[in-house]
Each structure stands twice: as C-alpha cells, then as structure tokens.
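Coming up is one lone chain in structure tokens, specifically the form predicted on its own.
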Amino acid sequence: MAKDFYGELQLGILGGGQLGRMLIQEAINYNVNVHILDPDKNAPCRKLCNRFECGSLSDFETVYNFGKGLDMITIEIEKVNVDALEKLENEGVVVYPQSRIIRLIQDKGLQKQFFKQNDIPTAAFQLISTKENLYETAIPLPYIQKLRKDGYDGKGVKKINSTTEIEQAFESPSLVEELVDFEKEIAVIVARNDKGDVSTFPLVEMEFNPEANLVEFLISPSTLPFEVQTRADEIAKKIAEDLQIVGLLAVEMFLTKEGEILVNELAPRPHNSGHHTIEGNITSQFAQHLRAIFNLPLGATTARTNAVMINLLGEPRYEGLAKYEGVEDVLAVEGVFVHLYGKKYTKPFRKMGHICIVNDDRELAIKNARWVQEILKVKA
C-alpha cells in the first residue's frame, strides 16, 4: 500500500468526531483524500475532509454505499455496521482494523472471553442474559455490571453494591465483573502494521472524572517501577499479536494494590489516553495509526518530555452553544497547547477539547495542568 498511494488514496473514516478530526490533520501530511461518514451534520470533521456524508454508522446500506468507491476504511468509533464492512472487505476494500476485530471489541463479553482464551490477565467475570441472573451470580457483591454492547465513555457501566440495587441494574445482556481494588488506572497504546511490525507508546497513568467515569487527567511518561512498565508493555504487544490487528490498539489496564496488572478494555483506534503524544512524543498516535494502516514503517514513540493531558469537558449545568472561558489566560503559559474540537454545542461532561501541558520538570507540568483545570471552562 505504501509505494503508490501518496495523493491518490481514498481513505474513509467512520465517525467524524474529534478523533477523525485529528486523523485528518495528520493525513494532510500524506496528501491522502479523506472521506467522512457521521450522523451529525455539525460533526467536527465536516469542513476538514474532502467529502462529508451525513448518515447512520449502524445502517448496513449507508455504510456499504459510503465505502464502495474507497480504497481503505478505518474507524474512530467502534459502534459501526460490521456486516457492511465484511462485505466491503470481500469486495476488495481494505478495512483496518479488520471487521472481525471490530466485531469482537463491540461486545465486551467476547472481549473477556478472548482474554481468557489467550491467557491475558483480567478480572474474574460472568456473562449474564437478564437482570434476574444477577441474583445468582458467582461474583461476590459489590461488583461491576457492564452492558455487552453500546457502552462508551463511562456509559453502560454500573457498580452494584447490594441485592437491593439489582432492581436498577441493566436489563440487556451484560457481564458481571469482580470489583478491582486498584492502585492506578494505566494504559498502553500499541500499533501493528500488515508486515507484523509492532511498537508501543510508553505507559501512561490516568485519573478519571468520578461523575462522568471518563479520563480527565493523564500523565506521561509514567514513573511506576520498571517491572510494571515492562509487564504492561508485554501484555499490550501480546494482545496486538494475538489479534493480528492492523492499526492502533489502546489497552486500558488496572494496576492492583498487590502490583498485579489486569486488562480492563480495548479500543481499536486512536484513543483518549494518547492525545498527549501530539506534543509529548516523537510520533503522535494519529501519525502512528496512519503509518500502521498504510503499512509504512512505524515511527519512534519515545517521549520528548513530560506531558500532562487534560480533557476539556462541558461544565455541569450548562447546555447550549459552547462558550470558552480562560483560553487566553492558559495560552500565556509556556508549554500549554489547546486543542478545541469544533463542537458547536456543549452539555455536561461532553468532550469539547483537550489541553496538553509539557515541561522538562515533571512536577511543574503537573502543577501547571492543575491550574489550567481551574481556569479553562466550557459553558453556554
């Protein structure tokens, strides 16, 4: 794919949100023609791509017709029609990550079974069909219930503390997972191209917003013990190779208080836990994803400096046309980089942008990031 595509390749991206937007910004460097399909007519990618189509990502005909004339399709969201992608693959359109991998990752139950079958460490779990099964689960209370499908950004996840809370549990097929008493949430992003080359980004440490249950604060590179970083790296590479994925894979993990690493979930695309790589690493996650799917040599992933990434979330109690407060103030500080996603409307905890703070002094990078968190707000 690498030898003759420059300026000619027709790349389709399913999803036109911020991940697609940042992929386009990188794809411009390769003269690639980018086509976007997204259900939102105001999607962040709408004005940046060669062709924008407003349509459903879950409708077979829409996805199939969108992809028919393209050379290659990739995704920025997993909730897409996999049957259409399989048909396109059979007709010669290159789909990376492969449709079989998207199908597996769409279903958290299949993910868990994949971990078990391939000796990948993960929390104990049990698959359940209905809410009534929760009364007879082998996993002790309290536990975590996750919908098998359609959960994202903290949605589709509930902590069940006692039998009295089962009435409020999810009705749909789900899985019950042992509650992990973790020390830290960590992640490794791994890339693999079609030649089989595999490369990882340095381990990152994450903090989650307790209300929205999504990443709010990320620190790179990690200062965890070398043994922990090496083990997490090995696990991420093993998963990529077991899947034979082509593209980027984010591997979210728990580090338990006993020092054990347990894999939580996978995302087969650029991911929130890699946004800092734009300023913080030699190669960004977006450049690496394109290198991988185009079967080019993978880039160096070394950290340039300490980088802290903050998700810019819509403020609670505000919904409507987005207004940004504090942008000029934070840009006056050296090493602060603001990325706004071009979303017209804000709502509580919606991802409206991210900020990367870099500094050779790790503690100063963290201090500046905490200050940015207090100053920069999205309201309506």
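Everything quoted here is computed from the prediction, not taken from an experiment. Residue numbers here begin at 1 and follow the sequence given.
Not pictured, yet referred to below: the form predicted in complex with a further copy of the same chain.
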Of L57, C49, L313, A43, which one comes within 4.5 Å of a further copy of the same chain in the predicted complex, counting heavy atoms only? C49
Counting only non-hydrogen atoms, choose the one of 103-111, 180-188, 292-300, 86-94 that falls within 4.5 Å of a further copy of the same chain in the predicted complex. 292-300
I'd like to know whether E328 contacts a further copy of the same chain in the predicted complex, with contact meaning heavy atoms within 4.5 angstroms. yes
Although a further copy of the same chain is absent from this view, report whether D150 comes within 4.5 Å of it in the predicted complex, heavy atoms only. no
Residue-level question: is V336 within 4.5 Å of a further copy of the same chain in the predicted complex, judged on heavy atoms? yes
Is Y324 close enough to a further copy of the same chain in the predicted complex to count, meaning some heavy atom within 4.5 Å? yes
Within 4.5 Å of a further copy of the same chain in the predicted complex, all of R21, Q25 and E279 (non-hydrogen atom): yes
